[in-house]
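Okay, so here's just one chain, in structure tokens, the form predicted alone.
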């Protein structure tokens, strides 16, 4: 029986999430000094609408990476769901029904990913989702080719640009999603099973956990949240093309790993990934105000990723005797 370690204030504040908080504060201080326009309440509030659409995928991606898997097809699912929604609306389907179709397409793509991964266990999730990434994006191009589709009703803009009171609607929905996914991961038996699978999937299987069912469910939810991202992204853009959301998969995985979720599985918390979402989002916003090249941003984020991998290893490595 594993003995529970006594509470240590030092160990508590040396957790990676606290490091992220300090980095987040430092980023904001630097941005304030670089641009006199950064410290503006309305600007900071509205900036969330430029990066929270992809953040909805971060939440199920935390589950996927804790399992020890990965999904690099999420951006292609966003594109396909968005294109199908737009084409359905142009074909005469009511916009509300087209939005439901968008969510169903995303959910179906996620289910396909999960089913393939558990059906062909000799293939890693990287290989499976690499293949479906190409397939889903290819279908989007077959449907719309190089054309764009849009002319959505005026009320559809509310998803991406609307407010409830003084708070962006997208931010409210993201907070609600964070609360739900955090509860599911940290407060339920389902979340404990996910951690157990990430630590040792064979032991989890022999302990009676339905590892295949859980894996399919999580990938299906990732597809659903990709459909949610497609709704918000399309609403913000006002139209769609087959190449929308290009690169989203790398940004999402970056946010999760930077948040302290171990790519080897079994470790990580939702709060770290959420902090990383706002850290990268405001870092990009602040550097954009002073026209810093995107390459510099990539170097900064890459350095943070290296730190996210190395710091915990240095911190918890046993001392030589």
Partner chain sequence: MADTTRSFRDAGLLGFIIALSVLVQILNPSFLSLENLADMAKNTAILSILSVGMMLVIITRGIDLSIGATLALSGMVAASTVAMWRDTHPLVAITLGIGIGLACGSIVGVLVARGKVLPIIASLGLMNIFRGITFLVSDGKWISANQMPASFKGIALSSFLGINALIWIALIIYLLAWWFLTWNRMGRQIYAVGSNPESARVSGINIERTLYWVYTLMGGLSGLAGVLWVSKFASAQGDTAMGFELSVIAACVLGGVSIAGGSGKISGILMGTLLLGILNNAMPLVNVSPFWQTFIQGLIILIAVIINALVKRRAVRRTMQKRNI
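Since this is a predicted model, take the numbers as computed values, not measurements. Positions refer to the first chain, counted from 1.
Omitted from view is the form predicted together with the partner chain, to which the following refers.
(request) Consider residue 254 of the chain shown here, and say whether it contacts the partner chain in the predicted bound form, taking contact as heavy atoms within 4.5 Å. (result) Result yes; residue 254 sits at the interface with the partner chain in the predicted bound form.
(message) Can you work out whether residue 291 and the partner chain are in contact in the predicted bound form, taking contact to mean some heavy atom pair no more than 4.5 Å apart?
(response) Result no; residue 291 lies far from the partner chain in the predicted bound form.
(message) Since only the chain is shown here, I'm wondering whether residue 151 would be in contact with the partner chain in the predicted bound form (any heavy atom pair within 4.5 Å).
(response) Close contact is absent here: in the predicted bound form, residue 151 is far from the partner chain, nothing within 4.5 Å, heavy atoms only.
(message) Would you classify residue 94 as touching the partner chain in the predicted bound form, given a 4.5 Å non-hydrogen atom cut-off?
(response) Heavy-atom contact with the partner chain at 4.5 Å: absent for residue 94.
(message) Counting only non-hydrogen atoms and a 4.5 Å threshold, tell me whether 295, 302 and 309 all contact the partner chain in the predicted bound form.
(response) Yes, each of 295, 302 and 309 comes within 4.5 Å of the partner chain in the predicted bound form.
(message) Just to confirm the contact call: exactly one of 160-168, 245-253, 221-229, 94-102 touches the partner chain in the predicted bound form at a 4.5 Å heavy atom cutoff, so which is it?
(response) Result for this chain: 245-253.
(request) Consider the chain as shown here, without its partner, and state which of 87, 177, 216, 139 has a heavy atom within 4.5 Å of the partner chain in the predicted bound form. (result) Partner contact (heavy atom, 4.5 Å) among the options: 139.
(request) Only one of 116, 173, 108, 233 comes within 4.5 Å of the partner chain in the predicted bound form by heavy atoms, so just point that one out. (result) The residue from 116, 173, 108, 233 that makes the contact is 116.
(request) Enumerate the residues of 118-149 that have a non-hydrogen atom within 4.5 Å of the partner chain in the predicted bound form, in sequence order, or give none. (result) Heavy-atom contacts to the partner chain in the predicted bound form: 119, 120, 121, 122, 123, 124, 126, 127, 130, 131, 133, 134, 135, 138, 139, 141, 142, 145, 146.
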